[in-house]
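A single chain comes next, written as structure tokens; it is the form predicted on its own.
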């Protein structure tokens, strides 16, 4: 919740600053700026490059601030690290009381907690020393060195002079103390807002891991082999889905019989997530490459079918009537009217299908894969190597984004008439 509010604040602040700075600059002079009506006109909307750059920077700022990164000077409050202490009051079975102090040493994330000792002092409650991990609760068995034992009826009745019970938490300044169900002390150092590196490592840790794997490889294969095999599987599944889906979509858009026959199948399979098909794919096609490509094929097939069908259905009927009035044949209408006007929808569907395939490749490589970005992520997650997991996610995102940019360029080159009636 705090991260979301932080992000919204940065978004609003960046918008206000950029908008204010631009008010003093000269107005843009192009075709879009001359339009009298722009709201609702998609062709009048251009991606603000400053917003794109700031958006990426904001993500890195949040990432660095919440992980204590050395690359960024400003950080959110981190967990308590260092030495602290608190005093507990122990009541013996006969009603007598005594006080003792617990000295706690909390190391930084990733550092080993070194044990240390203190003088126990006099009385039946003895001083104790304890090393606690940062940001996590630890149980302190105070009566291991006390003369009064819990099994004999001794119990803690106060922390730092404040009464405590099974459902009461006492703030010690550097942490919080509760009593467990058996009466032992549970101490939790202040956690702050920074993330534990095992949950989210700092950016420089991920970058260092990238260069390490790029040079040494991972799980007996180089980084480029892992990424290359994932890309090959995705492209093979996507191309197969497009080769089947586009003709099927055209047939459904042009023939009532084809639409009636295949519409129930397409609409039934479309909402079924590819992950739900993994067991059947394993049974039918095995656990090797065929099964993975079939799963990606099914992920792309229904999207491409619906995109092609929507492209055919969205052709302006006046264009078809005009072509008929000029003596065009059905093949000419298909070639010069329907196909060009349906390409924008098909390209949109292709971009969606490619994104779904990239999202499915991790699941596809769960099935006995020896190499692949998804396999790398899954293998690293088993050993809590979060830096490798994030590195794999970033690499998949970068490659997917690069493919999407190439598809946009191909669309602008092959379909220059998009958006024109």
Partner chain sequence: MPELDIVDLSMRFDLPNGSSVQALQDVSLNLKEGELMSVLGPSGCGKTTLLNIVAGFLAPTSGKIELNGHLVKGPDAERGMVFQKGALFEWMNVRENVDFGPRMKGMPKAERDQISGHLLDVVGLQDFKDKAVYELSGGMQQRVALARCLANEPDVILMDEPLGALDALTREKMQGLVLKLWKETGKTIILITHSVEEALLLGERLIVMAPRPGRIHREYNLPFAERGVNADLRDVKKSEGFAEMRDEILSMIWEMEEEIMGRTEQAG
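Just so you know, these numbers come straight off a predicted model, no measurement behind them. Residue numbers count along the first chain shown, from 1.
One more form of this protein, predicted in complex with the partner chain, exists but is not displayed; see below.
Chemist: Among the candidate stretches 312-320, 193-201, 132-140, 161-169, which one is within 4.5 Å of the partner chain in the predicted complex when only heavy atoms are counted?
Modeler: Within 4.5 Å of the partner lies stretch 312-320.
Chemist: Spell out, yes or no, whether the shortest heavy atom distance between residue 89 and the partner chain in the predicted complex is within 4.5 Å.
Modeler: Although the partner chain is absent here, residue 89 would stay clear of it in the predicted complex, with no heavy atoms inside 4.5 Å.
Chemist: May I ask you to state whether residue 324 is within 4.5 Å of the partner chain in the predicted complex, using heavy atom distances?
Modeler: Yes, contact at 4.5 Å.
Chemist: Wondering, does residue 118 line up within 4.5 Å of the partner chain in the predicted complex on heavy atoms?
Modeler: Output for residue 118 is no: heavy atoms all beyond 4.5 Å of the partner chain.
Chemist: Residue 188 near the partner chain in the predicted complex, any heavy atom under 4.5 Å?
Modeler: Because no heavy atom of residue 188 falls inside 4.5 Å of the partner chain in the predicted complex, the answer is no.
Chemist: Could you work out which of 336, 261, 124, 285 is the residue within 4.5 angstroms of the partner chain in the predicted complex, going by heavy atoms?
Modeler: Residue within 4.5 Å of the partner: 336.
Chemist: Counting non-hydrogen atoms within 4.5 angstroms of the partner chain in the predicted complex, say which of 157, 328, 71, 108 makes the cut.
Modeler: The residue in contact is 328.
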